[in-house]
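Presented below, as structure tokens, is a lone chain in the form predicted alone.
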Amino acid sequence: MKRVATVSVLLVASLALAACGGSSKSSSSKRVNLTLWAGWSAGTHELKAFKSLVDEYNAKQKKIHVKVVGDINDTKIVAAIRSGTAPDIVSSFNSYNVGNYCGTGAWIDLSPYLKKDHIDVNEFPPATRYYTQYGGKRCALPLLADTYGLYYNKTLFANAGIKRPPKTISELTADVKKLTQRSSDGTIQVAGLDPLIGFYENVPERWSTSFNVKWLKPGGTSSDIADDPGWRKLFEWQKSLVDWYGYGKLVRFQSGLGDEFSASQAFEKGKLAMNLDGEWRVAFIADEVPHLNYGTAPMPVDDAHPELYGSGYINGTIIGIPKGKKHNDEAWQVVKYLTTDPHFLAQFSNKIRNVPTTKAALRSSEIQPDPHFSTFLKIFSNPHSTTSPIMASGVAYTNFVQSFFTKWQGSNGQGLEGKLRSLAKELDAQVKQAGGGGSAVP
């Protein structure tokens, strides 16, 4: 499901202070009761599925019992760590704040446990290895992944005489214009694609893979965005498409669309001919509009980089152990099971249609075949797929870029180069304030 992170760079110091407490190991032979926090909301099929599979784990052995608590986000996690009330195990919907958790020591380094149990981290694909560590510490492991691609309405495509999904940005632009339907006064009735940043899953990093952008210099500071051709192309293309629609018309169109995670979601209701979305939408469509005639494909890419087609943006749920808890060894047994057991990962993937995050699980015969979902398995395995930069400032880094985008898309479109140079300087200042940079995104 959608991954939202809200922890600010201002909380990094608080996490560092909270992480100074020690931890002890359990010596009791009694069954250990552990609490695990998860982000899935109460009543959702995701949380029900996760609880059912954790119950299966509880029934398989007699040493540990895990209680799952849902409706958790990064803000709650940080607050609990600061107050010393964190649970035994925590999971987050995304990797944006791994720089905070690893860099401050708020989540313990799992490397000694991995080494002791002879778990090769290369079993996890490259992007997930990157976004579960920071500063030489692997304080998290991946627990299923989100992979983003293009959803397209086959009926609307056929009506417009379009035979296949677009592969390049120029094809995407042409198809958007063919598929968009307006009333006589110019009001948008059906959008070929909504390009506004901030709409549903539209954030800069999920479009950045298509344009081969560079987030960071080798030293970990911000890339000179003004000189990076990928960034310039992304900004200019997105703005040109917004202007073609009319910024005000797009805003009014969006105001009449349903919530992203409701049965009135715009693509499901036929109000969008194409949409950037995560793999979980396959499960939502199967549940809410099973007769929808649609397809899935990789996102179109910059015409100058056809080799990128088939790749996409990757992120996903991570899991770790807060510092200062009494039962780290038992908590590790649970984390190990949830992140490396092929049966668990395959069954969980089948239930919520997120991508399994080990090579063994990806090859598992237990994965139920689905042509819509298989697109995302291929994107996940593509060597050109990328993720967000992991920074000491956490989600504040990419949020800053998104804030710039939302101002730019409604502007007059003048002075882009100067604005991008200012953005790069502001990002570097933020990195310096947070006390650390990042490493190159794979």
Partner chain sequence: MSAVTAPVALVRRRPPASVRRKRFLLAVANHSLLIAAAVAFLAPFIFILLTSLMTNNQALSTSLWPHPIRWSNFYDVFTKAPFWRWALNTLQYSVLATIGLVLSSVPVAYALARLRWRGRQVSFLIVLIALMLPPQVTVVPLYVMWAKLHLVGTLWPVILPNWFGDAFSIFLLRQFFLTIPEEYLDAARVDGCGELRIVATVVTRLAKPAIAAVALFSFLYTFNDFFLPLLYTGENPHHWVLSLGLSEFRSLHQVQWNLTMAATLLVMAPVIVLFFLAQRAFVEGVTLTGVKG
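Positions refer to the first chain, counted from 1. Note that the structure is a prediction, hence the values are computed from the model and not measured.
Just so it is clear, the following notes concern the form predicted in complex with its partner chain, a form of the same protein that is not shown.
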Pick from 116-124, 332-340, 292-300, 79-87: which stretch has non-hydrogen atoms within 4.5 Å of its partner chain in the predicted complex? 79-87
Contact residue in the predicted complex, chosen from A226, A304, L257, A286 - any heavy atom within 4.5 Å of its partner chain: L257
Listed residue (H372, K269, K359, K351) with a non-hydrogen atom within 4.5 angstroms of its partner chain in the predicted complex: K269
Answer for S41 alone: is it within 4.5 Å of its partner chain in the predicted complex, judged on heavy atom distances? yes
Look up in the predicted complex whether S240 has a non-hydrogen atom within 4.5 angstroms of its partner chain, and give yes or no. no
Does its partner chain get within 4.5 angstroms of any non-hydrogen atom of D71 in the predicted complex? yes
Taking 4.5 angstroms as the cut-off for heavy atoms, does S262 touch its partner chain in the predicted complex? yes
